[in-house]
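In the block that follows, a single chain appears as structure tokens, in the form predicted alone.
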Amino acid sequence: MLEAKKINKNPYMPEKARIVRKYDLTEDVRFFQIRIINPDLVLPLTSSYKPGQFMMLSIPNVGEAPFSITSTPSRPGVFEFCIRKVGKLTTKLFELKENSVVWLRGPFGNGFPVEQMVGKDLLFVAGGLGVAPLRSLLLYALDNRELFGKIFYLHGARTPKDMLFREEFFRLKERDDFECYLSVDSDPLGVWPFDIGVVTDLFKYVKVNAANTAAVVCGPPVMYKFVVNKFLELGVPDNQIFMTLERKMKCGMGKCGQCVVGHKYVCVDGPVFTLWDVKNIRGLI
């Protein structure tokens, strides 16, 4: 079972790291595999974080920003990210070649409470870039398959070319120890072999013990209401519905106040929250 390890290092100081692999997932989203250069920190940092946590990635004289970890601590050695090209930092990051140096701080945030999910059925719903933190949790659950009940993974995208990790999920669909369903809103080229429609249409395949299910969702804000309603229709309790919420985070440590909502700091108390949190903390969504 995953156990956090205390590492004696200054959390304000980034660690030098190297891009060891990168490739395009879509036209504007790229996969990065990054390894900490200090050999004494590689395994401690990459084996003890929780799925759902994030790292602060920086490039000197350019900037720093938070990115969800999309790899799993059950496969230590590197941190993996899928990053969309949207601004100055990510534009520069996309220009870097393999073996280039970047800097990492973290991991930060609360992550998914995996210890509370043991023995439960798991129901994932991902949309768009929301696959990043959910891929981390899914791979962790599959690597520790004996700890969980049924696992359902529902993934929606606008079109086939917009689906992140498409080929990886095609391969995962061939496994017989969990159920993976993929859908696209539209199929302009007529080549999509699976469901066509919104991601909530995939709930017709789901059969879980709702009272003993941990349901997780991450994706565009517009999808949360509809997916959460489906969770509730199944009978999943509010405190067993988890969502990752993004806000403008700057320090990652609850010091700058950039991401404060009510009495919560998203970078410390989140980015994973339950539906109970959302209902009781005004402005969280």
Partner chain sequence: MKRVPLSELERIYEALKSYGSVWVRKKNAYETAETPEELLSTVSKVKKPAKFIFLPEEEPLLAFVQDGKNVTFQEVIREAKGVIFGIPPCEAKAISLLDLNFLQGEGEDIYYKKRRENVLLFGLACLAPDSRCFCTTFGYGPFTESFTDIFGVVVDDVLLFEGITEKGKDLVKNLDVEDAKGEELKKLEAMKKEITERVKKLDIQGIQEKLARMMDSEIWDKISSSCLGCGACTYYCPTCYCFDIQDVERPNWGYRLRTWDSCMFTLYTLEGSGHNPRPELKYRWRNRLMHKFNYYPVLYQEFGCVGCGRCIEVCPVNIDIREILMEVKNEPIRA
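Residue numbers count along the first chain shown, from 1. Keep in mind that what you see is a predicted model, and the values were worked out from it rather than measured.
What comes next is about the form predicted together with the partner chain, which does not appear here.
A.B. asks: Only one of 63 to 71, 232 to 240, 22 to 30, 40 to 48 has heavy atoms within 4.5 Å of the partner chain in the predicted complex; I'd like to know which.
C.D. replies: Correct option: 63 to 71.
A.B. asks: Heavy atom to heavy atom, is Met223 within 4.5 Å of the partner chain in the predicted complex?
C.D. replies: No, Met223 stays farther than 4.5 Å from the partner chain in the predicted complex.
A.B. asks: Consider Arg35 of the chain shown here, and say whether it contacts the partner chain in the predicted complex, taking contact as heavy atoms within 4.5 Å.
C.D. replies: Flag for Arg35 set to no.
A.B. asks: Does Lys279 reach the partner chain in the predicted complex if we count a contact as any heavy atom within 4.5 Å?
C.D. replies: So Lys279 does not count as contacting the partner chain.
A.B. asks: Is there any non-hydrogen atom of Phe273 lying within 4.5 Å of the partner chain in the predicted complex?
C.D. replies: Contact with the partner chain, no.
A.B. asks: Scan 12 to 27 and write down, in order along the chain, each residue with a heavy atom lying within 4.5 Å of the partner chain in the predicted complex.
C.D. replies: Heavy-atom contacts within 4.5 Å come from Tyr12, Met13, Pro14, Lys16.
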